[in-house]
Each structure stands twice: as structure tokens, then as C-alpha cells.
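Take a look at this single chain, the form predicted alone, given in C-alpha cells.
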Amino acid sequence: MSAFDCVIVGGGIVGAALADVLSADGVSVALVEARSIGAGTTACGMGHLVAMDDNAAELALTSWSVSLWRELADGLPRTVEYDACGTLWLAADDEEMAAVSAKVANYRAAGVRVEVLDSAALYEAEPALAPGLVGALRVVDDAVLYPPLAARTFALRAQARGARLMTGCPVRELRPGSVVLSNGDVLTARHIVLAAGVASPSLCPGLPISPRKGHLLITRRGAPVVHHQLVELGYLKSAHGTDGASVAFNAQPRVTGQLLLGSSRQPGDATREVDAALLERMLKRAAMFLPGLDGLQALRVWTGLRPATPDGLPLLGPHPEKPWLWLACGHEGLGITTATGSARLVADQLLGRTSAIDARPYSPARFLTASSRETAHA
């Protein structure tokens, strides 16, 4: 048996970020991953670092996390492709533009830098957009990066401080004080953190996490020149709806000269196959905003599974009925953004420190106590 202060199960970007934070605090850590670091949902994501304001808890966690990424930016390798391009939320009509004022108030109250662009300013910033858009909201400090190498960077920094990276090590069982690997080896630890994304319920039955399938496409070089991450304001309806398949326009410039295009959502779908009809819908939607995409060649199309919770917020903190188990999962499409903040929140709770934001909105107890389950079924 091998003994550690903390064993983290799941080597995606959240688990790797937590290993980085804990190892920096002198905690002995093992990071256990069934495949390779960042090879699961992390490898399938867009890599956006975005402050989102669907509710106060989401805005608190995402805005703090984006600021933590910004602090890390100068120390990230070039291969992580961190690009502080900002985000433009595009308004297709006056009704969507009217909604911008509420977003401006939310963001500014949280200390997030934003600018409102009228139509003329929008087309000066992004000439390749289709005509007819009425304006946009620019979130200045949003960024993009390449998630698998960001996760690997966190893991290697932890390893350099003495953390043990255990890749290709599926976990069979979680027990009080120990993690049993599929080969029978046992790791003992005072604290066990489950950060296995969509696989988390298989190791801890009853977690309120379900898959949401999504499609992404990356173009060959030669795509229309885009300077910001572009997102239609209609994306918010798609991202937070729960019924049926949906698509929305989201385009991300890459430092390679390519464009990464999304997005789609298929709640409850755990298959990995590309849905050709849904992909066609997604691309037609994208061409409505970027007409220069017509005829452009795709380099690759893939799908991924987002680990969704019923209220759209992650599970960050102790399991209320298993005091030896901590949770860092259920981030849906914001795991890349919130990896930094999630790691800090969980580490602060483990080490008895006060966090920069209130951890209570993300507490697993909101779903996993007897009273919360009774409320959910009432």
C-alpha cells in the first residue's frame, strides 16, 4: 500500500489543477487517472475561459476563476496557447441588445470589465461577421487555451513538487481512507477527492450527474479572420435548457490560424458517435453569423460528454454522508474555465482556510442529504 495525504481520482483539468494547488501547499498527493492526463472531457472541450452570469453563484465562480487564469498566464508554456482574446456576445436584434444592459450590470457588480459595442463598433472589431447584427457585449478579460496541455502543465508542476502521477490506472472502488485500483493495488489517504467528471457516479452511485453530449469542429487554416471568441446571445437559452437537442453559434480563434466551432447539446445522450444531422444544424447556424465559412474544409469533428448537474453548478466539497470523500465534479461545459477556482475552493475546505468566494452554493449537500432528496422529489 502507498500512503498519501490526499488521493485525487481523475486527471482531467480539475483534478490536475487541484493537485497543483495542494502540492504547492505541501500536501502529499497522488493523482490517479484511468487514461492519460487531460484525455477525457478535458480533451473534448473548447477551452474557453469565460465569465458567465446565468446566476450569482455561476458568476462568482467563473469570474474568480478567469482572474486566477490571468494570474497564471505568464507562467504557462506557449504550447498551452493561452490567448486573452476576450468574448463578444452578439446581439442579432433589438430584443437581444436590450438584454445586454442587465448583463452589463451583473458583470460590473462582480468587477468584470465589459464594453457595449453598437453596430458600427462591432463591425470595426469583427469585419467578417454577417451583416445585420445590432451590437455586442465585449467581456474584455475572457480568454481561450488548449485544455489538454493546460491540464498536463498543472500535473507536471505538481509532480515536480513530489506529487505522484499514476496514469493508466483505472479505479475499482473508493473506500473510507483508501482507493482500490483495478489491479488490486491500494492507495491510502486521509482525504480522497473524486474529480472523474462523467465517470464520477460509477464510483459514487447517487451523484446527480448526467451526460450532455456536444459536437465541435476545427477548421483547416484559412478560415475567416476572427479576433474574439464569438457567441450569440441565443447561446444562453441553449446552454441552460434541459430538454431536447439544441445548437447555438460559438466560434473561437486559435493561435494556429484555425477556427474552433460549436456548439451543440444533447442532454442525457452518452453516445460518442457524431450525429450528422445535428452537426449540419450547428454548421448552418455558424454560417448565419460567419458567411465566410461556406466551403471551408473541416480538419476534424468530435464529440464529448459534459458532466451536468440539475442546477448547472458543480459539486465542490465534502460528501455529506461520506465524510472521507470530497467531490470536485459536475462542471458541465465550464470545467476548463472554473478549474482554477474549483481547485482553490476544494483545497481551502480541505485545509480549513477561508476562500475568496462563498463555497456554499457549490456544496454537494444541496443534493446529497436526506432532506435535499426529499425536497427534490416533493
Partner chain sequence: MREACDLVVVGAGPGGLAAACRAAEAGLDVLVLDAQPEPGGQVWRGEARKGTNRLARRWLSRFSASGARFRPGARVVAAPEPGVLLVEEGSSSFAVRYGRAVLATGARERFLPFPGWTLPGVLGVSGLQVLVKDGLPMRGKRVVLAGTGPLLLAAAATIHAHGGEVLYIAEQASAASHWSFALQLWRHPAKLLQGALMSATLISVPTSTDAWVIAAEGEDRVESVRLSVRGREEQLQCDYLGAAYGLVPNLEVARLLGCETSAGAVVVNERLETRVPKVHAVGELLGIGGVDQALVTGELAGLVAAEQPIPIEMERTWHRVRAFAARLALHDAPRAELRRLATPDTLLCRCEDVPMSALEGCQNLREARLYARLGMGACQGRTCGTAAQTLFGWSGEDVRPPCLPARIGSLRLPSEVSSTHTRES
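For clarity, every value in this text was computed on a predicted model and none was experimentally measured. Positions refer to the first chain, counted from 1.
One more form of this protein should be noted, the form predicted in complex with the partner chain, which is absent from this view; the next part is about it.
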Discussion item. Only one of these stretches, 226-234, 145-153, 187-195, 97-105, has heavy atoms within 4.5 Å of the partner chain in the predicted bound form; which one is it?
Written reply: 145-153
Item to complete: Flag this candidate site as yes only if Q258, K284 and Q297 all have a heavy atom within 4.5 Å of the partner chain in the predicted bound form; otherwise mark no.
Response: yes
Worksheet entry | Touches the partner chain in the predicted bound form: R220 (any heavy atom, 4.5 Å) | yes
Fill in: the partner chain contact at A277 in the predicted bound form, heavy atom, 4.5 Å
yes
Worksheet item: Taking heavy atoms and a 4.5 Å cut-off, does E81 contact the partner chain in the predicted bound form?
Response: yes
Fill in: Exercise: L293 in contact with the partner chain in the predicted bound form, heavy atom 4.5 Å
yes
Worksheet item: Between the options L49, A343, C329, I37, which residue brings a heavy atom to within 4.5 Å of the partner chain in the predicted bound form?
Response: I37
